[in-house]
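Shown below, as structure tokens, is a lone chain in the form predicted on its own; questions about how it binds or moves come after it.
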Amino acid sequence: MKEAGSIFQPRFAIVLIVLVTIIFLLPAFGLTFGAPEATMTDQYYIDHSQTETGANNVVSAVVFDFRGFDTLGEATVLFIAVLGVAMIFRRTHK
């Protein structure tokens, strides 16, 4: 008979981590990195970041205002990774 411990067994956590990783990597397949090489987007951010966002730092304006959803997604991936590692290495009380 199996012991009643954590509902998240290490095997389940590993499978969950692999599935979440695949789900997040699927949109990246088929992308060409670095293309197009030069766009007007960079200059647009430099010229309009302070007037449109109110931020004095262009990097902060890009990270938190123009690309806020990307930053939220990245934070979510990091949180899931930390949670998965914590579930794998968690000690169970006997």
Partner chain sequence: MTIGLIVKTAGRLLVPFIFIFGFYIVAHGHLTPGGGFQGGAVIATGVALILVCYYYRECMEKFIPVSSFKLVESAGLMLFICTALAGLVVASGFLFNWLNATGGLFGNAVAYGINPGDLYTAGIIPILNFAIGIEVFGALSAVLMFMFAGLKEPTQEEDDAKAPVQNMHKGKKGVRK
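Because the structure is predicted, anything quoted here is derived from the model rather than measured. Numbering follows the first chain given and starts at 1.
Omitted here: the form predicted together with the partner chain. The next part is about that form.
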key: Within 4.5 Å of the partner chain in the predicted bound form, all of A55, A61 and A75 (non-hydrogen atom)   = yes
Heavy atom to heavy atom, is A86 within 4.5 Å of the partner chain in the predicted bound form? yes
Check: With the partner left out of view, is T41 within 4.5 angstroms of the partner chain in the predicted bound form by any non-hydrogen atom?
Finding: no
**Message:** Under a 4.5 Å heavy atom criterion, is F79 part of the interface with the partner chain in the predicted bound form?
**Reply:** yes
4.5 Å heavy atom contact, P27 to the partner chain in the predicted bound form = no
